[in-house]
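In the form predicted alone, a lone chain appears below as structure tokens.
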């Protein structure tokens, strides 16, 4: 089963809106063993949409479109499908009635333009939208099937999961491939790929590397007879080759792993942040129920705040500046004591665009204070990806990942080497 994706909208084509629908659809289809062979973005142009749909069906068994099903005159997907099918657009009485009832329940006045959402290409099958107004459509064209879904993400997700995915899975039959995604932290993509060279050479095995700041996801695909059984052995070998860098699988994000490890130990963590400005706290509160293991945080951005709120010695700050391993250690100890947490996690550093206290951009120090040992500090030198606000954002994101990964390693008793797959001393020269 070969599927192509077609997302419609000027806002996507011109970069005003990130194309999250295509990413979500690609993941969901892959999970069901359905091969996505191409993803295309087109603007709100009737003839361009018709051409794109026709071309896609010349290559694939089915096309999934998102966007262009709303009430405005630039919503042209239904018109394009009618033109491609050589069919008229007809008003569906049941859809019109449903639209009128929804508007009436909301206490609004129905705009005549909204009734465009009740127009469907003659012969099309309506895909019920239980989450919104615009229905999806299933249209059979020469060469294959087109599933047209709304562009609003939660509406698209609903129709896809309730109707389209089960239908495609039935058409496709048992998957001929098995997939698994492993997540790693603090290891460069090139290092990951080098370590997995022998797996790359295995017959019927494909690896894809999906990098984010300070993280790399490795998607393992095994194809052919017995794919699911083979995947177990391949995954085990990948884990062996990557070692402690693998922190989770599939949707098991780093913050969830940290929360799980804390919960297993009946422990809590508090965060003291400087350059990240609350990003660690945001990460650690993203999961429902995180209050059981996250005690809270202190954003001590100014140097004086580090002294006043976290008890970092004033003479240390005066002598060493705010970006120093001893400051990270003191911040971790201070927030642990202030919020009565089992562990204190602290970050201080230089996100840019200018150096600070004689430290270059990309210098960070991360400290963890916990029971039974002195604070542990690492100081990975982060790469500077470029100049300007994008570089600053990447450094801050990498710092969050490095901090959570350090805490994970402390909780598991693993080596706390600084970065990039190389074990290093856990303390820098304090000069």
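The structure displayed is predicted, hence computed values, not measured ones. Rigid core here is just the name for the largest C-alpha set that superposes within 1.5 Å across the two forms. Residue numbers count along the first chain shown, from 1.
Note that the form predicted in complex with another copy of the chain isn't included here; everything after this is about it.
- With the partner omitted here, the residue from 384, 57, 376, 401 that has a non-hydrogen atom within 4.5 angstroms of another copy of the chain in the predicted bound form is 384.
- With the partner removed from view, the residue among 178, 246, 282, 241 that has a non-hydrogen atom within 4.5 Å of another copy of the chain in the predicted bound form turns out to be 282.
- Contact with another copy of the chain in the predicted bound form holds for all three of 298, 302 and 396, each having a heavy atom within 4.5 Å.
- Only one listed stretch (165 to 173, 317 to 325, 231 to 239, 190 to 198) carries heavy atoms within 4.5 Å of another copy of the chain in the predicted bound form, and that stretch is 190 to 198.
- The shortest heavy atom separation between residue 90 and another copy of the chain in the predicted bound form exceeds 4.5 Å.
- At least one heavy atom of residue 210 is located within 4.5 Å of another copy of the chain in the predicted bound form.
- The shortest heavy atom separation between residue 16 and another copy of the chain in the predicted bound form is within 4.5 Å.
- Under a 4.5 angstroms non-hydrogen atom cutoff, another copy of the chain in the predicted bound form has residue 277 among its neighbouring residues.
- Contact residues in stretch 333 to 347 (any heavy atom within 4.5 Å of another copy of the chain, taken in the predicted bound form) are 337, 338, 339, 340.
- Relative to the superposed core, residue 209 undergoes a C-alpha shift smaller than 2 Å between the shown form and the other one.
- After superposition on the rigid core, the Cα of residue 13 moves by 2 Å or more between the shown form and the other one.
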